[in-house]
Each structure stands twice: as structure tokens, then as C-alpha cells.
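One chain follows as C-alpha cells, the form predicted alone.
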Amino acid sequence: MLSKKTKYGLKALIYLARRYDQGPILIADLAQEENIPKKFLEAILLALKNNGILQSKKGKGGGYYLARSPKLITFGQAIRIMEGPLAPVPCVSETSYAKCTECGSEETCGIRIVMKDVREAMAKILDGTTLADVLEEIDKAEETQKGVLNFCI
């Protein structure tokens, strides 16, 4: 399950992706628009900045903005920054592998076999989904919703 920190981080990234060509966005504006506590958001954005996803500008006209195109930032990258490895158990992690102490044989461990498939499926989806892809899906969903609302009127 995603933590609030990660959900807020993803919401902020989607917001910034939608405004990619508009320059830096003030934390206060982003916090208010996305209903994210400002202090919490500051820490999240700093982590994303420290890991190369965001950049910031100080002073007048300052704020945060994406460090690269929304087409080049994946959900997987963002989630790993905020949550750590995608793997549900340490013995299948590609970035933070650790042997499970209670496991006799990794090769025959049923839990590991299933969790490896889970990790691979999650990585395929999250690493294959960019912020640009998400914006496109949001736009489609909004168009569908408009069509349904117009039909009901």
C-alpha cells in the first residue's frame, strides 16, 4: 500500500507535469490546489529534488518544476524515491536484496517465487508509466466523464 507521502508526491508530480512549460510553481499554490499539508509537501519536494526529479528556483518567480520532460519521469522512479524498493520482500529486491532469515532455500521458497512475479509485474507497470502517460489517461477519463454528464442532462 502506498503511504500518504508517496500519494502526495505523485499528486504533486502530476500537478507539476500538467504545468511543465509554465515555469516554477510555488509550494503554497501546489499545497492549496492539491490539498496537501504545506510542511509535509516541502519535505516531499526536497526529496524529489535531491534525487534529480525536480529542480527549484529561489526568489521572485521561484518555486519547483520538473527537472526533465514528463515523458522521461516514471511512476517507478518516484515511488522508489519515496518508498524505497518496489519488492514486497527483501529477497526479491533488485536494489536492496537481503536474504530472508526464516527461509531455508530461496530457490524453492513459494513465497519468494510468487513475490518475485509480483515485483516484476509492478516494476513493468510502474517503470513503463510516465507522468505524460498519466496526464493522457486523466484527460481520457475527464472526456469520458463529460460525455456521461452530458448524456444525463
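Quantities reported herein were computed from a predicted structural model and do not represent experimental measurements. The first residue of the shown sequence is 1; numbering continues from there.
Quick note: we don't show the form predicted together with another copy of the chain, though the next part is all about it.
Colleague: Between the options S69, N51, T108, Q32, which residue brings a heavy atom to within 4.5 Å of another copy of the chain in the predicted complex?
Modeller: The residue in contact is T108.
Colleague: Can you say which of 39-47, 22-30, 60-68, 84-92 gets within 4.5 Å of another copy of the chain in the predicted complex, counting heavy atoms only?
Modeller: Result of the contact check: 84-92.
Colleague: Since only the chain is shown here, I'm wondering whether V134 would be in contact with another copy of the chain in the predicted complex (any heavy atom pair within 4.5 Å).
Modeller: Contact with another copy of the chain, yes.
Colleague: Does L10 make contact with another copy of the chain in the predicted complex, using a 4.5 Å heavy atom cut-off?
Modeller: Yes, L10 sits close enough to another copy of the chain in the predicted complex that at least one of its heavy atoms falls within 4.5 Å.
Colleague: Given that another copy of the chain is not shown alongside this chain, does A17 nevertheless sit within 4.5 Å of it in the predicted complex, heavy atom to heavy atom?
Modeller: No.
Colleague: If you look in the predicted complex, which residues in 87-126 sit within 4.5 Å of another copy of the chain (heavy atoms)?
Modeller: Heavy-atom contacts to another copy of the chain in the predicted complex: A87, P88, V89, P90, C100, E102, E107, T108, G110, I111, I113, V114, M115, D117, V118, A121, M122, I125, L126.
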